[in-house]
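Shown below, as structure tokens, is a lone chain in the form predicted alone; questions about how it binds or moves come after it.
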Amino acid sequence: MEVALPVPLRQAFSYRFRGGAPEVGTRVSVLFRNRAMVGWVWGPGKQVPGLLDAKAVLESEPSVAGELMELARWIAEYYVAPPGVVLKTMVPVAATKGSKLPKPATRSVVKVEREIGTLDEMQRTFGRARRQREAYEQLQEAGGALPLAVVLEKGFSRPVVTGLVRRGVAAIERETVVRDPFRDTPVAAEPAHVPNAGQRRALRELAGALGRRGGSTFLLHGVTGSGKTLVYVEFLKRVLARGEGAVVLVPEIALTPQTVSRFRQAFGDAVAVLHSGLSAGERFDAWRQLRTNQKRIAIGARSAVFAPVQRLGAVVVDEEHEHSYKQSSGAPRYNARDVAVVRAARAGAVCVLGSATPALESWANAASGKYRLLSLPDRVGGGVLPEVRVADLRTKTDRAGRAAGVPPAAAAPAVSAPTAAAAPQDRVLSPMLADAMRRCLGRKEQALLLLNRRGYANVCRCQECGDVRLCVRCSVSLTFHRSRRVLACHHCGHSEPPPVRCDRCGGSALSYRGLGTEQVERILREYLPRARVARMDMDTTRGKWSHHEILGRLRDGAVDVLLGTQMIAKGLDFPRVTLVGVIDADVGLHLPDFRACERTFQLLAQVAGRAGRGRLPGEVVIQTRVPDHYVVRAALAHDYRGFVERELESRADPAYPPFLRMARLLVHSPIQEDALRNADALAAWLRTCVRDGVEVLGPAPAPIEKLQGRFRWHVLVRGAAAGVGRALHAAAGGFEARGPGVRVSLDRDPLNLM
């Protein structure tokens, strides 16, 4: 039999199994290069002399079976990934160890064995055994059972519990403990909503597609606050009524508690949660319950697309445009949205892609008829989209005509040392935004402020020679983090103390420029001393429940202003948030990536949609230096279709997705000359392999030329899907990199060219 092993080789390996071949997808233990390793049976192999015997079969039923195994084959083929690495990605960590699957955790529980209904019977049963009687009464008050550990914590000794067992009134049993971190998550206390006309139309279309051979894919395009979640919930009620299960994907861990709360209100304990923020045991318990059909709905981030849901009837991808669905490092570099579409089609299920700002690829698929478009053009409950205004950061007068005195936010005043005072508030908040915040807080309402750049200042520069402090391992500037008093690289994690003198000229006049969330937080606390400000970025959400805690405080009214990076722009729904301010809309707009405008528009439109989602009207202020840019104008008018029309024009010539497919081959090496030499060789070799209609671009240095100590050059291949796939397989099978430590990474349908 062929066994797929989690090694970076795009092949399976043949082994001999004595006593009968196990099923495809079964975990087995084998020797590979004199080391014991866990793999999965990939398929029948060639029976040739000299095959090694497999060491052991580790399970009686395949851990990856049926449509999931077929999905693994598709991922390995499409993304040109090692099959064993694909399978390792699809199962929890506990299933990759060199032993049998772990048994469920258990605990001892004391349960009432015989009910005692009268005082006389109680006296006859216990007599003078007062503590036994008290323990029995505690069990009755608790509903008939308590964990043994809880009984002992209440002060009852083991002999007391043993006495209850001897009298035949109680028993000690072992029960399975399911590690569910969301067990105590508050269930959303939301009133029952009646679907409006648009939601009813969408539900009719979705319900009509259930059970259709080959499945169906729908793009649910609804403005922010249009009730897409209600459509998901009502549709999944129909799926479960058919005895089928579902997968629901969300783009951020921060959204998971809110989503779990809403779905558990509708489906109770049928919901299991899978995401990387959980412990290994918690993930494994959820995976096991889905596999055994104890749970029927899986909710989670990217990897939840592989949840072993039984009789899959639907896959929902919320905020389908989000780039976090793409695995950006390490094989397989899959996009969970696209995998969801393929999985649903192969399982005969319905796939729903929902977004207020769909990816251009999804929109093009809907326009061509590959997907079916469903529209929700109105906010639920008669709500209206928030008013959006623009503050022009280029001049001393903002768009409202008031004196602003605001220099560019990215050029905050220099400080002589990291401990110097922060910039004044008028260098962060235009008069328009400052006035809006005062009015919002005066009404006892809440505000969100977005700045998609964390840290205090993003550049440390010598004022004498102009030298910028760069990371020693990456070709990027170090970011100053004031709270930790370090300069840190946000790519490789390198950190160092702030310098006293310039390494280049020895000068001591060092300035810290640029604006990050940490600096804005400090300015807000000084400018609005009575406001309760919380910051939500990678620095404040490292703990397991940090997202949940911050958003819980916002929900409970303990936070007046939530400042954060892009993670606050996605799917959050708080009715008392009436103001959204974008500190600097230009962050990311001018990056050397053809998706920069699309990404910026989606971020602006999504964060604007957080305002005015309840009965209170909303307001949005966008600060920018390019107020006439089509991205800003489209966000100002909530005009997704207008943005798409303009953006598609810019991608037509030269052609970029969605007009064709693209792949990126990244050559990286610790030696710069080796990276360049191999990139040249790879590009030349590819040009001899590709057919008409496929174009090879490059090589060229990656925009971030050095990352984590490795120099990077990339080659782009673009053309029809089949041609791009052939080029990737040719490169994987025929090109051999030369030089110590030279690697070639393949990324099909890349979302980031940096």
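In this text, residue numbers run from 1 along the sequence as written. Quick caveat, the model's predicted, so the values are computed rather than measured.
One more form of this protein exists, namely the form predicted together with a small molecule; it is left out here, but the text below deals with it.
In the predicted complex, the small molecule lies farther than 4.5 Å from every heavy atom of Leu219. The small molecule in the predicted complex is not approached by Ser328, whose heavy atoms all lie more than 4.5 angstroms from it. Heavy atoms of Val380 reach within 4.5 Å of the small molecule in the predicted complex, making it an interface residue. Using a 4.5 angstroms threshold between heavy atoms, Thr229 counts as touching the small molecule in the predicted complex. Residues with any non-hydrogen atom within 4.5 angstroms of the small molecule in the predicted complex fall in just one of 344-352, 194-202, 71-79, 304-312: 194-202.
Arg262 is the sole member of Arg576, Lys570, His548, Arg262 with a non-hydrogen atom lying within 4.5 angstroms of the small molecule in the predicted complex. Interface residue among Ser430, Gln602, Thr224, Thr517, judged by heavy atoms within 4.5 Å of the small molecule in the predicted complex: Thr224.
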